[in-house]
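Take a look at this one chain, the form predicted alone, written out in structure tokens.
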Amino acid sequence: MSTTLREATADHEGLLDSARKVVALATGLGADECRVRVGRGVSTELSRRDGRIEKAEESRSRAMSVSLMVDGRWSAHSTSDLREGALRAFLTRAIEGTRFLEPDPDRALPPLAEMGSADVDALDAWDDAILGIDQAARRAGCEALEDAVRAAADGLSVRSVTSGLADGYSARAIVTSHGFESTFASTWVSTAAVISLEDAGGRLPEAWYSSTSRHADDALSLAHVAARAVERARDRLGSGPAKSGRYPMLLDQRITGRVLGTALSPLSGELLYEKRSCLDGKLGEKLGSDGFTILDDPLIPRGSGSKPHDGDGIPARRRALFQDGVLETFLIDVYNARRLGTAPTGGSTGNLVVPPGERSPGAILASLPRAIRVDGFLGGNANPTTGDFSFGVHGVLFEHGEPVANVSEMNISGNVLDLLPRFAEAASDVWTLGAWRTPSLLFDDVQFSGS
């Protein structure tokens, strides 16, 4: 990356000064309250396909967003033109336009005494080493990753291999008109491999695997990424639908969020206010099995979802969303809490954690006469109002722990209120390189539709 550490540090400090100036300008032009966010991002990406560089790209962005309260009316605006003259004209138009809206006093800023930040340094989201990655290192990494994929795929008919490395940083400053200030910066580095195989009947099954982390030394090795990409591609060969029926379902550690999200989206304060949540009125009820627990922990050092505060500026904290099957917390931001006449609980999440169990995925599968391990999704939808869901899936059918068929062209379907009691066990293989920090999860008796 061409950005030096000195340039990045100066940039971060300048963001706070820029945000303060926008607040002063907006209030001077007639805004009663405002919240300003100024952000900066730099990213570099290099990818290689079948021995040739396919993409080399560096992007830099700088933008400002502002929320305004004018005469009891609220609006939100954004721009990437931060020149002083352009900002004055932009804010003048925004403030005048806000006066034409309907009053919405619930949009007012939270009390300053309730706002704050967790210890940013403790989140350890910044790695100086990532700023030292240069194009030569990315090129060498892409070449080594492609070689590792082809070595792992020895004996398979490989159509193409794409390898890619990317890295970058982002920084932002938030300032409000009543005195709240916050800054946060984070780095990231990513490695990804995509492999396409040749299969019977002209099919070209494709699979990918990746690693993204805040710190370079947390990244998975190139060999690991390559091996897992090839393993996933091998599981696509000869795949097809299994017989329709109800099977135990083992969700791979990396994709649990797609299914668990059906339980979290109805927790939204907006959906609760609009009476569009299937979990409305169920706070404190036991909805899942004894072992079903989802924690929100935005304070994990180096966590992908770690943050010092939520979108309202309320300090980040650890909490249980579901504990042993009991619904413990709704996700209610300040605005919707006012509309609902209740206390805010935080409208967004950080790192979502499912505590691990004691057995490996292999041991769990070996204990079952028959089960489908779901490794990925192909479309689908979920309805937070009814709780109904339907997802296209692919994976592997196991019998007594042995793979017997690669599975595709199947759907899982049901209702979240029926699914949660079917949670049976968490495996021991926790995924730590994403905002969903979960192990593989076993659900009993899930409806699969196939042949």
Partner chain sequence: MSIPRPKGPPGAWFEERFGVTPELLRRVMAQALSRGGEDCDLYFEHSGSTAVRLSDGKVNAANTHVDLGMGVRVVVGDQVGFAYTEELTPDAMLAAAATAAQIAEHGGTRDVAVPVARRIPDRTPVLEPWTDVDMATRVKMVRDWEQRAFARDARIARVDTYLGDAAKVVMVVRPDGRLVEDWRPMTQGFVRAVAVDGDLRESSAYNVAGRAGLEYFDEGRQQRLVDEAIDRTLFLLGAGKPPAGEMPVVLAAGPSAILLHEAIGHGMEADFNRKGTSIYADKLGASIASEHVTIVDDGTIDGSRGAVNVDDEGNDGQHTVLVQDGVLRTYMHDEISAKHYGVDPTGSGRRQSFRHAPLPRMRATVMESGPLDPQEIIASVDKGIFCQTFANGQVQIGAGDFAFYMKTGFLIEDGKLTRPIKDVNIIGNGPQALADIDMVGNDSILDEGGWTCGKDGQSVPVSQGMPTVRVGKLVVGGVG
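Numbering follows the first chain given and starts at 1. As the structure is a computational prediction, the values presented were derived from the model and not from experiment.
Absent from the display: the form predicted together with the partner chain. The rest refers to it.
Option touching the partner chain, based on a heavy atom within 4.5 Å in the predicted bound form, out of 144, 320, 220, 101:
Here the answer is residue option 101.
Using 4.5 Å between non-hydrogen atoms, is residue 392 touching the partner chain in the predicted bound form?
Yes.
Would you please decide whether residue 305 lies within 4.5 angstroms of the partner chain in the predicted bound form, comparing each non-hydrogen atom pair?
No, residue 305 stays farther than 4.5 Å from the partner chain in the predicted bound form.
Might residue 313 be said to contact the partner chain in the predicted bound form, defining contact as any heavy atom within 4.5 Å?
Judged by the heavy-atom cut-off of 4.5 Å, residue 313 is well away from the partner chain in the predicted bound form.
My question is simply whether residue 111 lines the interface with the partner chain in the predicted bound form - judged by any non-hydrogen atom within 4.5 Å.
Outside the cut-off, so no.
Choose one stretch from 341 to 349, 211 to 219, 80 to 88, 287 to 295: the one whose residues place a heavy atom within 4.5 angstroms of the partner chain in the predicted bound form.
Correct option: 80 to 88.
Contact check in the predicted bound form: 119, 356 and 367 versus the partner chain, with a cutoff of 4.5 Å between any heavy atoms. Do all three pass?
The answer is no; none of 119, 356 and 367 reaches the partner chain.
Heavy atoms within 4.5 Å of the partner chain in the predicted bound form is the criterion; list the residues of 281 to 310 that meet it.
Sequence-ordered list is empty.
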